[in-house]
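This document contains two forms of one protein chain, each encoded as structure tokens and listed individually as structure 1 and structure 2.
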Structure 1
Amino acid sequence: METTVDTSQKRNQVWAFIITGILILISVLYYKANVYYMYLVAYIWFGFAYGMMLQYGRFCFASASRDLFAAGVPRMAVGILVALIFFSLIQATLASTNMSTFHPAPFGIHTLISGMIFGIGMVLAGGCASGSLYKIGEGNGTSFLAAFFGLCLGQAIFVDVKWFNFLIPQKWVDSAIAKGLSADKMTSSFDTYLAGYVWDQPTLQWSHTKTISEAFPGALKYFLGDSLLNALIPAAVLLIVIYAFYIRKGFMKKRAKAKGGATGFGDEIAGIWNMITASKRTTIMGVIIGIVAGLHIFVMKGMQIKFGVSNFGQLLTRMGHASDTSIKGTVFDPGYWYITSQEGQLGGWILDKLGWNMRDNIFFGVNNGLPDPWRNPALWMSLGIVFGAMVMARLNNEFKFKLPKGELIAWGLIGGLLMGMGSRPALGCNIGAFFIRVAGGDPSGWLYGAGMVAGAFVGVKFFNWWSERKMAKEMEAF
């Protein structure tokens, strides 16, 4: 038995080295082809780092919601808030030195609604956007279904068809036409939504508001506005709320018994600290994820300065691949950790190769381009997450290929489609629309987060109802 385990460990270690070696070889080949590809290579290795950290810390927003609402376990939710705190401080430092690539998103009720749809989807699929990618690296077939058919193909179809035109107000149509987009140029419902609604919404970043920027000029506005006001204080409040509802009663009971008397404020602080450090593995990974996410921004900004560009599409054009870019000469290049848009590009590229014109809409044709997958920097970041998680899972003997069966196939497909539908209207997912925006001082991130939590709560309640109903039927049949 011990020999079998040793053999399995050695085999997994070999696979880990092979995967890492292949990525190193790919990186070298890109460098040899053109030094501009080092911009893309940076995305590969940051994705690889994210994948290793996500897998090791079991970081998943769906798990955080499910554990909290279904089992009353706050470990993952606490880890996410810790990561957010550290990332916001680094993001403020980068912004204060003009080394940030962050940009706020349009603010509106659409963000809350989108978050709710995404939250339901991530619970049904068993993983959020980032969680699905790292679970693919562990061999999870359900997550692959969610990512490929939902985030890839589902998103691409969503932005290129007219399927919710009956919901579109006339003022959206009028607003889009006023921008020079005639009805025949708006080839999808999403086109009208973007041009007629989203583009009209204001963007808000606390450091750029008149009140904050005038009261705290210079670097201080980023630390007080973006970090303290938008991230640190809300995160601290949420930690206290989680402690009060899920941890305090049990902790204080044990504390009072150990002390043999009354407890005080110091014990409350000890309780919160105990909650934060209860799972050292998750908390440490939260700290490291926050730091690496900040480093990612710093490196991408450095690349832009080095090559004299603001978007990878400019480098593709220099290398003779202008056909990969949008009509503005750009491709999707967020400059930081992001998921879902690049998966939509992959789905669009596949459908385009099958004869479906995917370049006649705003999402691909105007904003993000449709590059070949091997020249898509953000897509390489997602692949890096998969491979990084695979390496970590191999090293920890946690890799196991699992084909989805029965209900899991349906949940994976439905959940993935809902995640795709919930990410596009808000222009992001649990990472791009929540984590990055909150840390960058954009309050729309909290709107998306609130919607995501509400949707996850609905998803958990649905699963509880479904499980009880299924069990009742099985008992009746028995």
Structure 2
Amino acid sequence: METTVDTSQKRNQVWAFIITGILILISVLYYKANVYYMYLVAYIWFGFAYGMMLQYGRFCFASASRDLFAAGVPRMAVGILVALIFFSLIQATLASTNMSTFHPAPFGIHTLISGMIFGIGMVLAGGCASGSLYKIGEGNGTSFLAAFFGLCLGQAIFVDVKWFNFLIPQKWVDSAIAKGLSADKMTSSFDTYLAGYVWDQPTLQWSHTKTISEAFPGALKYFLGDSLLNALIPAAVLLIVIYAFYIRKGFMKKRAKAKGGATGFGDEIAGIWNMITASKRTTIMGVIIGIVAGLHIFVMKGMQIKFGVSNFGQLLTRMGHASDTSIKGTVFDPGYWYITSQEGQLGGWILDKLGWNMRDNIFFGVNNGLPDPWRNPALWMSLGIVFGAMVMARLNNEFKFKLPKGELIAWGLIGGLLMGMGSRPALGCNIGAFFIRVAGGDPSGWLYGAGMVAGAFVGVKFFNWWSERKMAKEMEAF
């Protein structure tokens, strides 16, 4: 007789095949419509791969600092650093063969502040930008609230309102006006911030600095400047620091007991290795995510070369969809793994359809366009993450619809809004502003990462206080 468990497993497997089948069908339909859509299809399947890997490895950037502070568990922090190491090496390889789509971001204190706001938000929401997407794929309603109301609608509103004008100094206003942008495209507080402050900030990528490029000409500057200096050394130092603070004491105690004597340097190395391999599924996924993220850049650059474009907006224009693009003829098309900007576009598109003019700002009107969601390449990557995670969760019988209830509704909404507001000023989130930048040799990525960790610390402190209150109430009975 078939058990309930067997039936549930079979049903989950069927769903996994249905979801994958639908995505294959969508891909074929796009190809049939126009071969240029293969560019968009590439985003779908890389998103799908990210989703599967994130879900399987429980890969969440919020978890990295949060679990470290809340539970003393370094599993995720280690996984991210491992992913970073592999990704940076591949980034350097791609850059040295002129196959990288990476570009550094304006460097300034805004990056740190944005990271802090984002860090608090991701702890409250229960997941970072990418983590929230994969958790939606697991059926998590709180993550949906955070992504839809915070990252989509919240972000779109944030870039189009004047509510923050009181924070804008006059010199930003003057500098923004001096850029000569059309007044009907520069209407919001965020526009003034962007044109009057962010665009005036310098960008920094080690391989492009005079010192590094002269000391290490050719391909070496990417490996030694961008990868070794910006990613490998800091990642190794962080691994050692995490080991020293969270693992060493317990591990050496166990080791000394097992050996019945003193421990030495070899045991320290064993301790670090033990920490790296403590959660194999996370570490293995870290390695694979790093490699796939590199492969993604390679494929997108290859597509750009193949079609002779530098942005999908050019292909949309060729296909007769110029109205999807910004005044520069572009749409948001990062060329690599990225979250948040495309969610903002979805929110902007929804509000635009509801009658709110969302094209009168720099974010949509000048830079990223407002394509219909089915022609938005990066949004398809986000959907791919959701569906990829859903397939993996179904295959592992971990999919479960969980409607947000009680306090989780508040945490999801507040956390999502903070993530949206924390990602926009830094022009990215835990992926675009931290992971990609650090691996690409842009030190501003570490600035954002430091902000995220500080914000997560504040978020964990708050939750510790909150849960302590609830525990005390529960324990009144005994």
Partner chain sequence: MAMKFEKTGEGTYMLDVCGYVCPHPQIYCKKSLEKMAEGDVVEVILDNPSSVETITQMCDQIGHEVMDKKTEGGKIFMKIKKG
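In this text, all values refer to a predicted model and were calculated from it rather than measured experimentally. Numbers follow structure 1, counted from its first residue as 1. We call the rigid core whatever largest set of C-alpha positions still superposes within 1.5 Å between the two forms.
Quick check on the two chains I just loaded: which one is the form predicted together with its partner chain, 1 or 2? Pick structure 2 here.
So, does residue 461 move by 2 Å or more at the CA between the two structures, with the core held fixed? False for residue 461: its C-alpha shift is below 2 Å.
Verify the C-alpha shift of residue 470 between the two structures: is it 2 Å or more after superposing the core? It does, since the residue 470 C-alpha is displaced 2 Å or more between the two structures after the core fit.
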